[in-house]
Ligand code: PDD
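The chain below stands alone and is given as structure tokens, in the form predicted on its own.
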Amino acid sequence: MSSIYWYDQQFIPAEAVRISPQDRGYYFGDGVYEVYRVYNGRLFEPGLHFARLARSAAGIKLALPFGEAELQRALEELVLRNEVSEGTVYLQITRGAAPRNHLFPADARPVVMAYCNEMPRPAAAMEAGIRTITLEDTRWLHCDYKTLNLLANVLAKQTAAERGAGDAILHRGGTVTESSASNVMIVKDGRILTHPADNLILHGVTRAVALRLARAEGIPAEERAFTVDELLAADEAFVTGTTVEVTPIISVDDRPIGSGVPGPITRRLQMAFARAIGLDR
């Protein structure tokens, strides 16, 4: 993890970071966050991340204390100071510290914190694929805001792990939304399907990149809701996300997807993604 943090818009040692016990992020999960991927020492798709950050902040009525260019310069400097070549940057903004009260405080100042992690690409999972389970999606109805309220996601991921699976695919009344921490796509008859970018899913940056790459590759891609039954009958399935990139799903609830191994369209997208980040594979 970082030895240098960006905190209160200053670069300071990790041990110097001090978070107030009255921070509203601690009390209420009152804040937003982003996780950027770093490849070859550079932020991946920072513009898409900022657009989502700004949308999430506006959704919870939190004024950002910086603009896009200022934030990108600071995060690039953070990566440089921590000498991270392949990893992630975690950015968190809370509404600030104030006495506990459900109403927004009139005079609180947003608390900004960012740090880096070294993190290699998930080569093993991308090569072999992952097993998954399905769970009812019981989260709130603004999953499009990337807020700190992630306990439902944590519980879903933990349940998957306890059942020997790599992730949980969530659904509302049989309609698949996303997984605990990634977006879900299926392939049927050569066409990619994924849930529309509405309030029921997070508008994933890697999701957007994957759709862009698919269309550039001549692979039809449609943003349309699909059911658990369609998932189980799919030829291929995969998840997309900042830390998982394009990872195949080889089974759902112990039932194989397609032939039970990563499929050809998933492989094409993995190779296209590798080229997009400047790697051969």
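In this text, residue numbers run from 1 along the sequence as written. Predicted model, so just to flag it, every value in this text is computed and none were measured.
Separately, the form predicted together with this ligand exists; it is not shown, and the next lines address it.
Taking non-hydrogen atoms only, T240 approaches this ligand to within 4.5 angstroms in the model of the complex. This ligand is not shown here, and in the model of the complex it never comes within 4.5 Å of any heavy atom of T132. Contact check for Y27: every heavy atom lies farther than 4.5 Å from this ligand in the model of the complex. Contact check for F66: no non-hydrogen atom falls within 4.5 Å of this ligand in the model of the complex.
Note on the partner interface in the model of the complex: the residue among H195, R207, H171, R95 having a heavy atom within 4.5 angstroms of this ligand is R207. Using a 4.5 Å cut-off to this ligand in the model of the complex, each of V35, S179 and S182 places a heavy atom inside that distance. The candidate stretches are 212-220, 227-235, 241-249, 54-62, and the one lying within 4.5 Å of this ligand in the model of the complex by heavy atoms is 241-249. In sequence order, K146, N153 are the residues of 142-157 having a heavy atom within 4.5 Å of this ligand in the model of the complex; the partner itself is omitted from this view.
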